[in-house]
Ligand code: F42
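Here's a solo chain for you in structure tokens, the form predicted on its own.
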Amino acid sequence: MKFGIEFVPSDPALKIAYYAKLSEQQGFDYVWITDHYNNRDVYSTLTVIALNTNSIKIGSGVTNSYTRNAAITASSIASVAEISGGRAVLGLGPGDKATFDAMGIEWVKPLATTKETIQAIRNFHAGQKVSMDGEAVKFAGAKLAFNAGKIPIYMGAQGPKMLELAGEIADGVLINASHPKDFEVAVEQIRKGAEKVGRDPKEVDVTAYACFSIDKDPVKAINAAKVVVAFIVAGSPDLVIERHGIPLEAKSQIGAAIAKGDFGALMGGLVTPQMIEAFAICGTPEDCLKRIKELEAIGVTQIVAGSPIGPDKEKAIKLIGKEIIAKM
């Protein structure tokens, strides 16, 4: 099992780099930085992390094919790879429709757009002059002016078709989920995609990009996770909500509370223990280790400790290193 950690660059880059260095010292294999227009730029942040770490792999978790042209993404991650001594990983996915709506960007053909973008980026990194006339991605002889080399590409994927595509073309897949029920479905779709093109499914790093909250006091860990879990519930497809036996009415109530900014209601009872169980790796080190081993048995090969990580981020990073990574 590999271990990654996610940081949101809502904090200054040097603070994120401090956390990344601490994570490296605790035995984490990957650090993933989210990419949203309203936070610090992901590639600038990755560059600062590269200059402050030695061995941990660093990646975007995840960038998208709509706000950045594939040539720009190829150049950006190749630059990070060069600066870091070959430690860069590109996380790329279809993005978030709500974000694109706010930015005035049309979210069309996410499957074709993701597939063609990955193809174009791989061609750029191979030193090719890229000419494409795809459904969504078009180039007329563009080429990078420096040698990029091979950079692993992980796909952010949720739906069955996107998971199947990841099995076909990606080096890894970042799945926003925490529960074995969700990975039973996901692993099967990835296997289906891999076998369709004659790949060994084991070539794909199946990553649980999880809401994670750890503390020796389980109540503190749970309370720290509640707001993140609320956003996951509100944004999850009805099929996923029903898979976990959660009433759709509860999803609607949480969505309404978020829309009003009523976080007191979320903390006060709208986010139930059933939701925490379904959508977070949460609790004491023993609780978290138990869930990780369940996911490993299903076929998960990397755990990413995503927001909030714990009620005290620095303490949580050390706790994961000492009580989980060291015991796996």
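Sequential numbering from 1, following the sequence displayed. All values derive from a computational prediction rather than experimental measurement.
Unshown form predicted together with coenzyme F420 (F42); subsequent notes refer to it.
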Looking in the model of the complex, any heavy atom of residue 109 within 4.5 Å of coenzyme F420 (F42)?
-> yes
Report yes if any heavy atom of residue 34 sits within 4.5 Å of a heavy atom of coenzyme F420 (F42) in the model of the complex; otherwise report no.
-> yes
Report yes if any heavy atom of residue 166 sits within 4.5 Å of a heavy atom of coenzyme F420 (F42) in the model of the complex; otherwise report no.
-> no
Could you confirm whether residue 96 comes within 4.5 Å of coenzyme F420 (F42) in the model of the complex, counting heavy atoms only?
-> yes
Picking from 191-199, 219-227, 70-78, 87-95, which part of the chain touches coenzyme F420 (F42) in the model of the complex when contact means heavy atoms within 4.5 Å?
-> 87-95
In the model of the complex, the residue from 292, 278, 266, 62 with a non-hydrogen atom within 4.5 Å of coenzyme F420 (F42) is 62
Of these, 129, 138, 150, 161, which has a heavy atom no more than 4.5 Å from coenzyme F420 (F42) in the model of the complex?
-> 161
